[in-house]
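Below you will find one chain, with nothing else, as structure tokens; this is the form predicted alone, and questions on how it binds or moves follow later.
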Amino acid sequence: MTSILFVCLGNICRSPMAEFIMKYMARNRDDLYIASAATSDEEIGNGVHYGTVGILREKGIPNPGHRAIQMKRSDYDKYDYIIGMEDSNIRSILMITGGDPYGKVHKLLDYTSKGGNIADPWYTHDFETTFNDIYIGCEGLMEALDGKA
């Protein structure tokens, strides 16, 4: 079983979007465990942002009952891949984990030819662009997991 943790600042927009997209892509597989978490404690216990719920619903991707949680140091041992959405997430992840000795921490768009950061729709209000970036990132990650990348 391969385990993947998607991480963003609050765990109400980008990381749950990535979690649900990846779960949708992997719906016919039983070899992946997929979850998401926040680097901050600002949104702990809150549900998914209505903009994320809306775009996922529009795209036909289920997104049941998620509540924001904060990443813990022990998550480094629990997960095979820890995937941040942007540079600041990566810095925060590394502070939480105390480093990345096994090379588990990556940005999602590193699995694409595009590279770069995924904009936070909390600030941009552009959930469509965020969805598209996360979707291609998840496709690239899935290819890497399958040894095709």
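Residue numbers run from 1 along the displayed sequence. If you're wondering where the values come from, they're calculated on a predicted model, not measured in any experiment.
Absent from the display: the form predicted together with a small molecule. The rest refers to it.
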Which of these stretches, 55-63, 104-112, 90-98, 40-48, has heavy atoms within 4.5 Å of the small molecule in the predicted complex? 40-48
Although the partner isn't part of this model, could you tell me whether Cys138 comes within 4.5 Å of the small molecule in the predicted complex, counting any heavy atom of the residue? no
In the predicted complex, does Leu9 have a heavy atom within 4.5 Å of the small molecule? yes
So in the predicted complex, does Cys13 come within 4.5 Å of the small molecule, heavy atom to heavy atom? yes
Just checking whether Tyr81 would be counted as a contact of the small molecule in the predicted complex - the rule being heavy atoms within 4.5 angstroms. no
